[in-house]
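Given next, in structure tokens, is a single chain: the form predicted alone.
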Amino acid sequence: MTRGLRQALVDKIPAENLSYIYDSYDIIGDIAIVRLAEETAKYSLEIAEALMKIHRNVKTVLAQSGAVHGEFRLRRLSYAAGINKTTTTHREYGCVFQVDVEKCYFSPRLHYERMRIARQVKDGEVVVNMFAGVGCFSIVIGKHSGVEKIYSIDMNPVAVQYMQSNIRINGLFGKVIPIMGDSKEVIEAGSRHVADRVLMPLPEKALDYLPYALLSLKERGGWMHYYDFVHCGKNENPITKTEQKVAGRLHSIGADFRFSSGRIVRSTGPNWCQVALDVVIKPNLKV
């Protein structure tokens, strides 16, 4: 994608600025979100118009400044070109998601990961999604597995409103249960020992919320899908490093477990990546 964008901009911006164009951008529905460096910010219109020329389905281009921020992991966005809006409809794997990209966290880059988990869910399982956002993981699982019920929790009230709408649009009313609140409080209050499988797709909080993930699993144990960001040096293995961190935390709270698999989901910056671990939690929990 980047080579195409840079090539489209050869005659539009100075050559010395081309190298500052970020390596990737997100397309969510008909909205493209592109990060602009300080050296390219003044060329936002040219970059946006080039993006819309390359991707004919894109009707809006928004510029992102800085990393995602705050408790709800939101982006700082400004209008660059096209229709001035932040709401869109995104489709993947036969699922439909309405989302406001300014008020809710949404990553199209996790589409493979969502389906990967859905394919592991067995008929009749109960799932707890601790950080559900607008319902992406929950809805893909609901549409592509024989899951019995998914408790879909998020503390962003706008995201929960969109989740409720997305559940209705995708015909999953009664199967995906939207819950607004902090997942640790929700689990402590009424979701103890209900799940065969728990999802933790929020790297910033996953480690601290491990005890509550275990508490949500049935007493016979189950599966935990854990996500984290990890920084690695030249000779370090991201998966091994993440396993060591998670193992230390699980041992400290008395869990019996084994790592089933791990994978690098994506690169998130120089020497940084997102890692997913599939963890089997055995029955002798001490939580």
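All values derive from a computational prediction rather than experimental measurement. From 1 onward, residues are counted along the sequence shown.
We do not show the form predicted together with a small molecule, though everything after this point is about it.
The small molecule in the predicted complex is not approached by Ser191, whose heavy atoms all lie more than 4.5 angstroms from it. Remark: Pro178 does not count among the residues lining the small molecule in the predicted complex, judged by a heavy atom distance of 4.5 Å or less. Under a 4.5 angstroms non-hydrogen atom cutoff, the small molecule in the predicted complex has Lys205 among its neighbouring residues.
Residue contact with the small molecule in the predicted complex: Glu102 places no heavy atom within 4.5 Å of it. Note on the interface: of 230-238, 25-33, 254-262, 66-74, the segment with non-hydrogen atoms within 4.5 angstroms of the small molecule in the predicted complex is 66-74. When the small molecule is considered in the predicted complex, only one residue from Phe131, Tyr212, Tyr162, Tyr151 comes within 4.5 Å through any heavy atom, namely Phe131. This chain is drawn without the small molecule; in the predicted complex, the residue among Val126, Met115, Met155, Ile169 with a heavy atom within 4.5 Å of it is Met155.
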